[in-house]
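Here we start with a single chain on its own, the form predicted alone, put down as C-alpha cells.
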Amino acid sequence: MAIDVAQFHQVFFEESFEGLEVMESGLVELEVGSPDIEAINAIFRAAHSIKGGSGTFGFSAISDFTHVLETLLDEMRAGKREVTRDAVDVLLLAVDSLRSMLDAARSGSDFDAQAVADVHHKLEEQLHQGAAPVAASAAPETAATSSAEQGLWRIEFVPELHLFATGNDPVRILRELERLGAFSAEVDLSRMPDYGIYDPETCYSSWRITLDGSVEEAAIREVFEWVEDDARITISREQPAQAEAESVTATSGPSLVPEAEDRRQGDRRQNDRRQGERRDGEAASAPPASSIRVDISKVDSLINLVGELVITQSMLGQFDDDSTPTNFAKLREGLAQLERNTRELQESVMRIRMLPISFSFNRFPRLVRDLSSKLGKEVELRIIGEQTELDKTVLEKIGDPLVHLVRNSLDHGIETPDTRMTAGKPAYGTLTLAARHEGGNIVIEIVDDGAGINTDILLAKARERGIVGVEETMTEEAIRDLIFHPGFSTAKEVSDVSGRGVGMDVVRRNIKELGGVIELESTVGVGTTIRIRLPLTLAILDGQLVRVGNQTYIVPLVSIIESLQATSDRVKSVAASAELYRLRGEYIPIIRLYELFGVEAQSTVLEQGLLVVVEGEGRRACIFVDELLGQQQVVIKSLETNYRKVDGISGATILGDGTVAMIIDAGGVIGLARKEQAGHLHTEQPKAA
C-alpha cells in the first residue's frame, strides 16, 4: 500500500507559517548596521526549515524561491554582507511572497507567479549588489584550481530501510546535492532482495557520491539535515592528487539511479499523481482542516479529570433502587463530587482552546513599521500582556477589527514628527497594544499619544452630513460615538490607509457579533484609548435567566446594566403606544418582551413585573419581564446552524431540566422594537391625516 505523503502536509504548513512569523518578527526587530547575529540565525533557521520541507514534499517553486532568500541570509550571518534597510525591506517582501505561495499550495490554487518573480528578481539584485568584490586577475585561476586544490568530497549515503515511511525521498536529496556543484553518484543495490519478497515501500538502495571540493561541508550537511536520524551519512574529502586522477572518469551529471530504480520511482510518481487527483476531488467538497497545538500539561490535566469521573461514576453505580435512606448522604456526596468534576472538566476543555493573544499581536510590528514609513511618521509600538489567553475562535475573528483600529490610530491619531515637536511632544509617537483578563472577559486596549478626537470638528461634520440636527445638543461621549456611525469620516483626504468612511461601524458590528462591546476615550492633544471587552470564549456565556409567561429566556450578563422594580410615576407614554422610563434623568424606551415575541405574559402591568436595563449597539432599553430566575453559565448552540437566523435571538441553550431557552441579543431586540415602533407610526399616519 502506497504511503499518502499528503497526511504530513498539514503539519508542514503549520510549521511553515510559524516559521514565517519568526522570520517577519525577527526582520522587523533587526537593527540595521549592527544586527544581532542570533536574530539572523533564527531567521535563517526558519527559512531553511521551510526550504527543506517544501523540497521534501515536492513544492519545488517554494524550495527554489527560498534558496535565494536563504543564500542572502547566510551571507548576512557569516558577516559577508551588511544588513541594510533596503535588504530588510526586500526580505520582508520575500516573506509575503512565501506566505502567498504556501497559502496557494495548501488550498491547491495558483499563486501570482509574476509577483513572486518580481520579488525573486529583487532578491537576486540584492545578492549581486552586496557581493564581495573579487580581483579580476585572480578569478580565473580560482575557478580553475579550486576543486583541484581542495580535492573532492566523498559522501556515503545509506538510508534506513524505513526512510520512505518518514515522508522523505532520497532522489530529492540527491538533486539538492547536484545543485551545489560538479556531482556524480553511484547506486549500491547490494541490499536489494529477490523479487518475491521485494517491498516497494522499503528503501533498499544506498549511494556513493562525489561532489565538488569547493563546496563547504556545512552546506552538504544541511542537505541531509532532514534525514540524519534515518540514515548513515559519511562525508570525507579526497586528497587533491587522487581527486585529479579520478576527475577524468567523473561526469558532472550522470543518472542518479539505474534503470530499475527509475522505473520504480516512475511507478511511485504515477501512483502519487493518482492519489493527488483523488485528493483534489475530495478537497473540492471538504472544508479546510483546522488544528490547534496543545501544551502537554493541559492534556495531562484532562486525562486526570477523566479518571476522577470514572471513580465518581463507579461510586454512584453502587446505588440502585434498593438503596436505603441511610445511603442518601453518600449519594449526595457523590453527586456533589460529580458536579465538581464536571465543572473542572469543562474548564480544562475550554483551556485547551485557549491561545495567547500574541498570535494576533505578532502581525502589528510589521504593520506599524510599513505604515509609519509610508505616512512619514515615527512610531514606537509597545505590546503589553501578549500572553493573555482567549478562545481560538475569538482570536481568529478579532484580528481584522484590530488591524483597522491600529491603522486608524496611525493615520488619524499620531501626528507627523514636525507637528509633534511643535506641540512640545517627542518626534516619535507611541502606540500601545495591551491585553488583560478582567472578570470573565478579556480587555484589549489600543492607546495612542496622538492628537486625540476634537469633538467640535466631529459635531460640525455630523451636522454638515445631516446626521445631527442643527439645534441638537449632545454629550461629549455621544459626539465621540458618532465615529461608529455608518459612512462617517473626518478625513480631509481619502487614502488607501483610511478615510473612506467605512470600517468603524463594521468594527463595532464585528465586536458585537463576538458578544463584546467597544468603548472610546479621548483627550485633545493627549491621545485616544479604544477599549474592547470580549468574552473569553464564544461557547459558554454567563447569563441571567428571566421568565416571560411560561417561557424562559437568557440575557447575557455583559449586556445587563441593572434590574429594577418599575413605578408608575416614572413611566411616560408617547405616540403609537410607545413607553419611556425615566431613570436618573434619562428616558429609556420600555420593550414588552411578550408583545415582541408573541408569548402569553403572566402580567401586563409594569408594577407587577421587573425591568431589566440592557445596552446593545450603543443604545439602552428596559426589557419588561415577569421574574428573574437566577444566573448561570450556559452552553451556546447556534440557531443559524441548526434552524435559521432569528431577529433578537443570538442563540439557544438547553437547561438542566431539558427545556430549550433562547438567548437574548440585546442590540437585536432593541433594533427589532424600533422597527416595530416605526411600523406602528407608519400605519397610524393615514388615520391621523
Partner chain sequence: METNTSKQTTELGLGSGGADAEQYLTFMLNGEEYGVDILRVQEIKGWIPTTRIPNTPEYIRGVMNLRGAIVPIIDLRLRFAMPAIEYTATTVVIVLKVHSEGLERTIGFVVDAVSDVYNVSADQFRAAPDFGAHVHTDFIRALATVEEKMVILLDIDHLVSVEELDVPAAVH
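Numbering follows the first chain given and starts at 1. Note that the coordinates shown come from a computational prediction; the quantities given were computed from them, not determined experimentally. If you superpose the two forms and keep the largest set of C-alpha atoms that fall within 1.5 Å, you have the rigid core.
The same protein also has a form predicted together with its partner chain, omitted here; what follows describes it.
- Task: Given that the partner is absent here, state which listed stretch (53-61, 23-31, 641-649, 37-45) has heavy atoms within 4.5 Å of its partner chain in the predicted complex.
- Result: Among the listed stretches, the partner-contacting one is 641-649.
- Task: Only one of 596, 367, 187, 233 comes within 4.5 Å of its partner chain in the predicted complex by heavy atoms, so just point that one out.
- Result: When its partner chain is considered in the predicted complex, the option within 4.5 Å is 596.
- Item | Sole residue of 71, 551, 455, 416 within 4.5 Å of its partner chain in the predicted complex, by heavy atom | Filtering the options by heavy-atom distance leaves 551.
- Non-hydrogen atom contact residue 400 with its partner chain in the predicted complex at 4.5 angstroms: No, no contact at 4.5 Å.
- Item | 4.5 Å heavy atom contact, residue 14 to its partner chain in the predicted complex | Residue 14 lies outside the contact set for its partner chain.
- Message: Can you work out whether residue 18 and its partner chain are in contact in the predicted complex, taking contact to mean some heavy atom pair no more than 4.5 Å apart?
- Response: Looking in the predicted complex, residue contacts with its partner chain do not include residue 18, since no heavy atom lies within 4.5 Å.
- Is the gap between residue 628 and its partner chain in the predicted complex 4.5 Å or less for some heavy atom pair? No - in the predicted complex, heavy atoms of residue 628 and its partner chain never come within 4.5 Å of each other.
- Superposing on the rigid core, do we see a C-alpha displacement of 2 Å or more at residue 55 between the shown form and the other one? Not so; residue 55 is displaced by less than 2 Å.
- Quick one: once the rigid core is lined up, does residue 24 have its C-alpha move by 2 Å or more between the shown form and the other one? After core superposition, the displacement of the residue 24 C-alpha between the shown form and the other one stays below 2 Å, so no.
- Is residue 600 one of the residues whose C-alpha moves 2 Å or more between the shown form and the other one after the core fit? Yes, because once the rigid core is superposed, the C-alpha of residue 600 moves 2 Å or more between the shown form and the other one.
- Please say whether the CA atoms of residue 307 and residue 390 come closer or move farther apart in the predicted complex, knowing the change relative to this form is 3 Å or more. Relative to the displayed form, residue 307 and residue 390 draw closer in the predicted complex - a change of at least 3 Å between their C-alphas.
- Task: Tell me whether residue 643 and residue 509 end up closer or farther apart in the predicted complex, going by their C-alpha atoms; the shift is 3 Å or more.
- Result: Relative to the displayed form, residue 643 and residue 509 move farther apart in the predicted complex - a change of at least 3 Å between their C-alphas.
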